[in-house]
Ligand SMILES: C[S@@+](CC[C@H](N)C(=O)[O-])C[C@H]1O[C@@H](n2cnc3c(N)ncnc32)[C@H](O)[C@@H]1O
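The chain below stands alone, shown as structure tokens; this is the form predicted alone.
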Amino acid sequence: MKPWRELARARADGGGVLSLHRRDDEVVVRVDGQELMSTRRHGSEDRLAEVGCAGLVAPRVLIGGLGLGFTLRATLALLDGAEADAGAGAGTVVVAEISPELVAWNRTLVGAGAAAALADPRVEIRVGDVADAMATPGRFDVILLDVDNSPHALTRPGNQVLYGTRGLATARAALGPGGRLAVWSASRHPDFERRLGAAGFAVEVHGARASGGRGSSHTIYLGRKPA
């Protein structure tokens, strides 16, 4: 088996070392040597977009966390399909990513698909905290959050604000009537489900596999704001 080749590294927000590695066609991002994301295992990231955007035509979407770009690419594909079916406008996607290095790697080192998604005219990249992007009431129809490992097993304590009572209230306010908040989690946790319901969302829980029908089982929480 070929060895991994390090392509780039940077200081991660909140501490630690963020690094990008390639072996053949696979690319991984690691934090302090521990794998964080991979181009081989992104089924649940695709599923996050599907759960959040299903059936919507020309939605205004906010994605919190760029990763290796798979949720963004899945969202754009869904917008393409909805536009073809309904002949409507294309929709818009704002991506909030706190690491400028990760944005740069997607544009230059991850691969052609990641670079093309960022160059799509429907996409706006905001380097910064996704909480800042949620500051305008009613701006979005869908918010897709994939920040940190899950709402209840955080590697960066500062991200707790996103998944606490205040953060969920901010997300709800940023959604228009009937808006949706979809949250990726490494596993299911009843406390977060209750918190999501207490914030005024109708809650659904969806399972998702990391790699197609195989791999680790992850969880997608969907909160629907009343219309």
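Throughout, we count residues from 1 along the sequence that is shown. As the structure is a computational prediction, the values presented were derived from the model and not from experiment.
Omitted here: the form predicted together with the ligand. The next part is about that form.
- Among Leu36, Ala202, Ala54, Ala173, the residue placing a heavy atom within 4.5 Å of the ligand in the predicted bound form is Leu36.
- Though the ligand is absent from this view, in the predicted bound form it lies within 4.5 Å of a heavy atom of just one residue from Gly167, Pro59, Gly43, Gly65, which is Gly65.
- For the chain shown alone, Ser185 is not a contact residue for the ligand in the predicted bound form, no non-hydrogen atom being within 4.5 angstroms.
- Interface membership of Ala114, defined by any non-hydrogen atom within 4.5 Å of the ligand in the predicted bound form, is ruled out.
- Although the partner is absent from this view, Leu118 stays clear of the ligand in the predicted bound form, with no non-hydrogen atom inside 4.5 angstroms.
- Although the partner is absent here, Ala96 is a contact residue: one of its heavy atoms lies within 4.5 angstroms of the ligand in the predicted bound form.
- Taking the partner from elsewhere, every residue among Thr71, Asp129 and Asp146 has a non-hydrogen atom within 4.5 angstroms of the ligand in the predicted bound form.
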